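Before any questions on how it binds or moves, here is one chain, the form predicted alone, in structure tokens.
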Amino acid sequence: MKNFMYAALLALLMGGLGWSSNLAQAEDTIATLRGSAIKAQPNTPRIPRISNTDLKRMRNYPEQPPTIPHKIRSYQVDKNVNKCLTCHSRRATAESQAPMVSVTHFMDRDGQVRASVSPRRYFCNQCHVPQHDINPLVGNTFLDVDEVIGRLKPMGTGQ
């Protein structure tokens, strides 16, 4: 029985050595979906700065969550603490001059209005995000509804 165990252990070690040599050869190239190997990685761009203007941004569509117009890097938002609510809660807005969270954040799943922020709306970063000061990576031809209406010709002009 001992000889069998030694033989099995030796076979595992030998197989592992063969596999590791194949792995070393495979590390020289990175397989891609393009079918060709990536020869060199481009330099990673620097992380852009967070926009910190404290100015409200226009929304692109009616139900879009507002973006966060300030830095939130060290904000604690977990089951015990929500740093956002120190300024945006109903009680704090008079002193902070920050906009109060929407009344929809006080509704539970049955539409009943609660006295405090609903647990399902407690984690702000699920919907609200800060913005970076960058130029867009791709072009955008989006028109909001006001622009679309403004481009329509008046009805009854025959054109």
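Numbers for residues come from their place in the sequence shown, where the first is 1. Keep in mind it's a predicted model, so treat the numbers as computed, not measured.
Absent from the display: the form predicted together with a small molecule. The rest refers to it.
Remark: Q131 does not count among the residues lining the small molecule in the predicted complex, judged by a heavy atom distance of 4.5 Å or less.
With a 4.5 Å cutoff on heavy atoms, V101 counts as touching the small molecule in the predicted complex.
In the predicted complex, the small molecule sits beyond 4.5 Å of every heavy atom of P45. When the small molecule is considered in the predicted complex, D54 lines it closely, a heavy atom lying within 4.5 Å. Taken together, the three residues P69, R120 and C127 all lie with some non-hydrogen atom within 4.5 angstroms of the small molecule in the predicted complex. Scanning N60, S116, Q112, Q97 against the small molecule in the predicted complex with a 4.5 Å heavy atom cut-off leaves one residue, Q97.
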